[in-house]
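Have a look below at one chain only, the form predicted on its own, in structure tokens format.
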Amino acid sequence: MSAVGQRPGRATASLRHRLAERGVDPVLLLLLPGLVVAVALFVYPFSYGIGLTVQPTAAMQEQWGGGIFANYVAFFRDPFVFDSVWLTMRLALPAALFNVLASVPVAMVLRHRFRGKRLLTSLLVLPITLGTVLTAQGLLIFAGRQGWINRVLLEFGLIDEPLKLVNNYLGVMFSLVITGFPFAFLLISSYLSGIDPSLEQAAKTLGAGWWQRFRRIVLPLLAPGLATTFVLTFVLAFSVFPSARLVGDAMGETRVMSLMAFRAFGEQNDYAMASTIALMMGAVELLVVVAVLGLRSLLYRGTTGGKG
């Protein structure tokens, strides 16, 4: 009886031993459900989209040539589509840079204890709950030609005619800052909270001023967090869609890549071209991400005291 009862245990131990000899940890099997979900939700749609890009329509091949790569030829040779890369970068880069740079001093101040800190923090992160559509609606109400801002300025005689603050580049930029700043602020605050305050206290004891403490201690430790925050806010801004359509100039100066993909998909029923634009959109984002992370590794190679 005892010999029969020990067989399953011996078999399991033997299997584990054989897997361990081959460098396979059975615990890795726990990753299997996650891999299945990743394949179903990301790998397969991504591969399907890539496959669509090399299935151009007959009209596209006839107009641009290039055979199965006619969509890529059209993307690079059609100025109306290719210029959307620059128009999107023109929005995403300044918005991401502003959100990161503006978040640093605010997060530095709010890491200290003072009365009203929680209320102020809540007000700063509140826009992240509004969503881009509600933010765009608020911008149209407050900053439109008949909005409160223009009405107040006209009432006090500060302007002769309403300012054009929406339905152009400024409208989309305002929207990106309103929705992106809370995101950047929360990330920067998290990284700052991971820096040991005793380091700054020790430097202060040795006579270092606030600028020296910031430049020699805080900034190097915060550098990885700044790079990560910039990357995430840039990707968020680069994929802007509702704001570019609701408070921008959809076919003009805010003709971003996502709008071009939507135009090909929803208006022209050209799924192959829409997939090509979406793929090029991801490629541009990847290039910027690699450049930022590479620059970070060149400028700073030390350890970080932050939580990132």
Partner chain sequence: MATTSLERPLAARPSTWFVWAGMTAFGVFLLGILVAVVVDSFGRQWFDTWLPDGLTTERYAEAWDRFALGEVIGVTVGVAVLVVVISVLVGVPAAYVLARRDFPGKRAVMLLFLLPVLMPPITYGIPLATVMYSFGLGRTLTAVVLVNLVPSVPFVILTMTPFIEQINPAIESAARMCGARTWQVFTRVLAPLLVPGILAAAILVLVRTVGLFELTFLVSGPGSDTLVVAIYRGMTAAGGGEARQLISALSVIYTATMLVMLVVALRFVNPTQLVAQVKETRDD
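None of these values were measured; they are calculated from a predicted model. We call the rigid core whatever largest set of C-alpha positions still superposes within 1.5 Å between the two forms. Positions refer to the first chain, counted from 1.
The discussion below concerns the form predicted in complex with the partner chain, not included here.
- The candidate stretches are 216-224, 74-82, 117-125, 89-97, and the one lying within 4.5 Å of the partner chain in the model of the complex by heavy atoms is 117-125.
- Using a 4.5 angstroms threshold between heavy atoms, M60 stays clear of the partner chain in the model of the complex.
- Although the partner is absent here, F238 lies within 4.5 Å of the partner chain in the model of the complex, judged by heavy atoms.
- Among residues of the shown chain, G67 is not one whose heavy atoms approach the partner chain to within 4.5 Å in the model of the complex.
- Interface residue remark: P162 is not counted as part of the site for the partner chain in the model of the complex, having no heavy atom within 4.5 Å.
- Residues of 99-114 placing a heavy atom within 4.5 Å of the partner chain in the model of the complex, in sequence order: P105, V106, V109, L110, R111, H112, R113, F114.
- Annotation: Cα of A59 displaced by less than 2 Å between the shown form and the other one, core superposition.
- With the core superposed, L32 shows a C-alpha displacement of at least 2 Å between the shown form and the other one.
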